[in-house]
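Listed next as C-alpha cells is one chain, alone, in the form predicted on its own.
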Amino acid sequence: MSDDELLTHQTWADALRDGELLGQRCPECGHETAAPKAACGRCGSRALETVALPTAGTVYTETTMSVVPRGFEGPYQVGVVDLGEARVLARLEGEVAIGDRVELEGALEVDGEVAPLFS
C-alpha cells in the first residue's frame, strides 16, 4: 500500500463534509473501523484499505451530555452507531434510543473539527 492510499484524518473529514462516511477495512482479517487508524485494531496489520461505509445504522449506545464543553450548547445526545462491520461515535439529533435506526445527516463542525451527525 502506498502512502497515497492511507486514510488520513483530513481525507476522512473532507469526505464527511461532503456527506460520505469513510472507514478502513483490513484485508487480512476483514475487520472494519470508522475512523482512520495506522493499523488494524483486531490483528495489527498495516495493510488497510479505505472503504465507503453505510450511511444508515442502528444506535448501539447513547448518552445525553448535560454538562457540555465550552463552545457547545447542551444538553445533546452522543452515541455509537452500528454500521454492520464498523461502529462510529457520532452526535445524535432528535431523541433516539438504543436500537433505533438512524441515518447520516451530515457533519457537525465546531472550531474546524468535524463529527458525524445522525438522526
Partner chain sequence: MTDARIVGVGMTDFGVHERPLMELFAEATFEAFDDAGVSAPEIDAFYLGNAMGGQTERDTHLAPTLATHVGMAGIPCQRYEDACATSSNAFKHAVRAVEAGQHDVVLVGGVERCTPATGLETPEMTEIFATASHRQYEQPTGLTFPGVFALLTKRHMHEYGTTEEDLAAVAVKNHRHGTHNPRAQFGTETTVEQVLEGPVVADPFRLMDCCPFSDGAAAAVVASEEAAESLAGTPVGVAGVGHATDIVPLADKVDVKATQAARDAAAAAYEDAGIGPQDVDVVELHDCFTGAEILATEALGLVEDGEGGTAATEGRTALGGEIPVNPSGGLKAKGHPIGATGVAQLVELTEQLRGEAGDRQVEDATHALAHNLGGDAATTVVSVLEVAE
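Everything quoted here is computed from the prediction, not taken from an experiment. Residue numbers count along the first chain shown, from 1.
As for the form predicted in complex with its partner chain, it is not shown, yet the points below apply to it.
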Among G44, G94, G84, P69, just one has a heavy atom within 4.5 Å of its partner chain in the model of the complex, namely P69
Classify L108 as contacting or not contacting its partner chain in the model of the complex by the rule of any non-hydrogen atom within 4.5 angstroms, answering yes or no.
-> yes
Should E28 be classed as touching its partner chain in the model of the complex when contacts are defined as heavy atoms within 4.5 Å?
-> no
Exercise: L6 in contact with its partner chain in the model of the complex, heavy atom 4.5 Å | no
Would G57 count as touching its partner chain in the model of the complex under a 4.5 Å heavy atom rule?
-> no
Interface residues of 90-119 toward its partner chain, as seen in the model of the complex [heavy atoms, 4.5 Å] = A90, R91, I98, L108, E113, V114, A115
